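The data below hold one chain only, encoded as structure tokens and taken in the form predicted alone.
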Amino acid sequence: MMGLIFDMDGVLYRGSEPVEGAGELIRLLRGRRIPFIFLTNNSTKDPSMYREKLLSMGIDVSEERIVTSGLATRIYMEKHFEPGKILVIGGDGLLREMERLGWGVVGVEEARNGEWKDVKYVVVGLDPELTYEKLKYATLAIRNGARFIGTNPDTTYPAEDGLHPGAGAITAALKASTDVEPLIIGKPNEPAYEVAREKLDGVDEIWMVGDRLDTDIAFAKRFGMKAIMVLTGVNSLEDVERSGIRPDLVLPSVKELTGYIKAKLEEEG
């Protein structure tokens, strides 16, 4: 049995605009009972928030099918780390995930009062409200011995008007100010794969559908998945030619993937 993992930004939608054919593809998979999940490196929303966003575009999926890098970070920390206070740089989704740990989150106000000294973990994702002050306290905490964790390595993310700075740009700034290498959870790394594999338990062959060579396609290649690249997001055919990372299949968008899957199902009978 095959199963599919979809990236979201640049694959199913760009910003708040759905990619043509995304809804039809999901309906096909559900109708044929083909397992699938959505795996995004964007941690600004949690699964419930992404479900609402997808519903607004006519795509109806349960929260259980949605995995964010924030969720993967929480699961990894629960499994591997001892409880300790957390300083978060990120959006509401990541903040919610860290609050669910129940270890205590140190905000800017608390940091101003010196509580950055008690921080055991600095967790960094995409933060649309990033300030110098947040970077300052994160730097102080990491230099004081706090573990530096990044939700994902994406230096950019695709929006309607082009590419915006991503979480990787923020972790790069903190790496420069601390000389500390972060632990990165999201694609193309193993913690994200562990969560996705659990969600697709019983699947023999996994197809990874993404728009980024350095995360989605590298992720697929690293863990033996079929790598399907769509051209509605970050990378182009020219990038493929320049890169040493080779997708197994390149399609204009997920709209064409619907026809590809139908043909494969007919071929298999």
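Remember, it's a predicted structure, so these values are computed and weren't measured experimentally. Residue numbers run from 1 along the displayed sequence.
One more form of this protein, predicted in complex with a further copy of the same chain, exists but is not displayed; see below.
Residue 140 is the only one of 140, 149, 101, 195 with a heavy atom lying within 4.5 Å of a further copy of the same chain in the model of the complex. A heavy atom within 4.5 Å of a further copy of the same chain in the model of the complex is found for exactly one of 180, 169, 108, 105: 169. None of 67 to 75, 187 to 195, 90 to 98, 126 to 134 except one has non-hydrogen atoms within 4.5 angstroms of a further copy of the same chain in the model of the complex; the exception is 126 to 134. Using a 4.5 angstroms limit between non-hydrogen atoms, residue 161 touches a further copy of the same chain in the model of the complex. Shown alone here, residue 84 lies farther than 4.5 Å from a further copy of the same chain in the model of the complex, counting heavy atoms only. For the three residues 252, 258 and 261, a heavy atom within 4.5 Å of a further copy of the same chain turns up in the model of the complex in no case.
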